[in-house]
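Encoded as structure tokens, the following chain is the form predicted alone, with no partner shown.
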Amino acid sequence: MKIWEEEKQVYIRAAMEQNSAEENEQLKKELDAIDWSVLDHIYRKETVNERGAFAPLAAVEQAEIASRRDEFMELGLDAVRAGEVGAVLLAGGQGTRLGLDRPKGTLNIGTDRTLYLFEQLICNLKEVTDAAGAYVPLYIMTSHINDQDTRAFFAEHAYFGYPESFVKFFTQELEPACDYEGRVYMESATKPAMSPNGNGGWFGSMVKAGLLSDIRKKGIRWINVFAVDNCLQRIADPLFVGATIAYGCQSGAKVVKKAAPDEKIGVLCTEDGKPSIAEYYEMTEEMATARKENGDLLYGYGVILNYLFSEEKLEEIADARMPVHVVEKKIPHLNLDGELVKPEKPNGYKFETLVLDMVHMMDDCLPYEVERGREFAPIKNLHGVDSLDTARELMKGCGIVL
């Protein structure tokens, strides 16, 4: 049975009753292209969030990194020069919370000069490629909302001096959004409401976009995935790559020491003996406050969404079904009369995969400690904690001219 034939799908059916025959043909094509099995996850939404037994995971700390700097650097630079390191920028978000109706990466983070967030990230990458004397393939994940704007912005600014031939864009896959009964909402008369499939969907989206052949052709063995909102991200960092290789790990995660037991940051640990991330809201007070003999927090290293994955292992897990998280959200939609509704509170579910589950599918993950003031300046708000204000202060401290 086609989804529009199901009696309970009242929003789809209401739209079709008001559409022309031509509009309904267009809608049916949209609906036929969607894997509707995702809706089944509503009925097991509680079990997917069940977690196993957490245990601490020791990190490679800054002191060790400093003492083995030459070793790690040589291994990492050799990998970059050999073309074995690629980078994926997760840039699907809009800058709505920052007062920007454009891709978040187009935000001007300068004060006395224009300096775009995308531009600063490219500057960070060029520090590595200049040192290595070789370019790193950069894959930029956009969303259906900001894809055209992002491509146009990079073209307008001549890719900020990075070779265009080393940059490829792909769009994040979407999943349908529905009400609490599994009735799919409509975004318009000819489109169901859809939303991005979470930060764990980046590799699957690359594969669907046909980029796996490009990765194989280039001989990429390591992929560094990172978020757009941290303007101090070190990308394809040779020290990080080298340390992961030296330890013989399949993956690595950059971490910072937690500022306080209750800091709202996910912690790298193990879960049932495998690497994982405990979100701050999942940690008991006992876990959050437990300390080692030297006084440091036992669960003391927070992730900053900068991961390194073995490409071979990513391909191995690509066919495995990642856990799908059912998340309550506010979903704008057409009501049964065809009027646009913008809810003020959550009114249904979106379906997301999370990078923490990708980490958990690895056999191991190396927690790699970085200095917070040098590598962690997320811009999530205009003012206050993790804001443009705090990021500018940190950038100035790093000698970046604003």
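All values reported here derive from a predicted model rather than from experimental measurement. We call the rigid core the largest set of C-alpha positions that still match within 1.5 Å between the two forms. Numbers follow the displayed sequence, beginning with 1.
Below, we refer to the form predicted in complex with ligand UTP, which is not included among the displayed structures.
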Problem set entry | Candidate from L107, L305, L138, M283 lying within 4.5 Å of ligand UTP in the model of the complex - any heavy atom | L305
Exercise. Of the options G95, P192, G242, P275, which one has a non-hydrogen atom that comes within 4.5 Å of ligand UTP in the model of the complex?
Worked result: G95
Exercise. Using 4.5 Å between non-hydrogen atoms, is E352 touching ligand UTP in the model of the complex?
Worked result: yes
Exercise. Just to confirm, C269 within 4.5 Å of ligand UTP in the model of the complex by heavy atoms?
Worked result: no
Problem set entry | ligand UTP contact at L90 in the model of the complex, heavy atom, 4.5 Å | yes
Problem set entry | Residue contact check: V228 to ligand UTP in the model of the complex, 4.5 Å heavy atom | yes
Problem set entry | Contact segment among 215-223, 196-204, 122-130, 251-259, judged by heavy atoms lying within 4.5 Å of ligand UTP in the model of the complex | 196-204
Problem set entry | Core-superposed C-alpha of E328 shifting 2 Å or more between the shown form and the other one | yes
Exercise. Just checking, between the shown form and the other one and with the core aligned, does F376 shift 2 Å or more at the CA?
Worked result: no
Problem set entry | Threshold 2 Å Cα movement between the shown form and the other one at L239, rigid core reference | no
